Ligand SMILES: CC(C)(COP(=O)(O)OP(=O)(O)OC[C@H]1O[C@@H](n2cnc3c(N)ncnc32)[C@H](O)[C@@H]1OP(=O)(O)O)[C@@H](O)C(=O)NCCC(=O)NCCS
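Just the one chain here, laid out as structure tokens, in the form predicted alone.
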């Protein structure tokens, strides 16, 4: 009789935990964490070049300071007296369309098989921004530059990366200014080259960023007093002025 719940990823076989057919105890002894991440997502162990590329991607997502919503969410949650798992969950919930979400949407657009011209026209024609392009700080995102350099050196520079660069050129032509590809766009192109479905886009960001969240939460516990709040001088009330209820 068929079971109702099925998975081809991992399970207990003959009393031993296995991931895609490999004994976990054997993996512990012989592979590193990036190998295991690739195995979990792809079903096979990576080549040395695949491992190096995934390493670079994950490192680029680990942390970008205190400002992003994922980190402020996590630290605020920790500040309120919540345990590690709750604060990490709060941080992950801070990842969305405008923070970490661009990898998935950019990869989806790149994997549609369109030309750069049509891709840009479709997105900006609907009034949206092309995900994976533009940055509040960088005129050229050094993380994207490094990811692409790594992709070229490891043999992952192909049609998706070329399309991503072409999209940047088309955007500049249409907008009259350079809107650089950012780290999300570079990751989107490279994971597409490596054969990952675009639906894993946010997953890659989450896998890397959770490391940073744990570090920030721990720092919040040991360095700051509980219940941090926005200072009063940074808050301005601009609603209805004080008034009385009618008798």
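Please read these numbers as outputs of a predicted model, since none were measured by experiment. Numbering follows the first chain given and starts at 1.
This next part talks about the form predicted together with the named molecule, which is not shown.
Of the candidate stretches 109-117, 173-181, 153-161, 86-94, only 173-181 has residues with heavy atoms within 4.5 Å of the named molecule in the predicted complex. Using a 4.5 angstroms threshold between heavy atoms, residue 78 stays clear of the named molecule in the predicted complex. Contact between residue 122 and the named molecule in the predicted complex is not found at the 4.5 Å heavy atom cutoff. Looking at residue 102, you'd find a heavy atom of it within 4.5 angstroms of the named molecule in the predicted complex. The named molecule is not shown here, and in the predicted complex it never comes within 4.5 Å of any heavy atom of residue 71.
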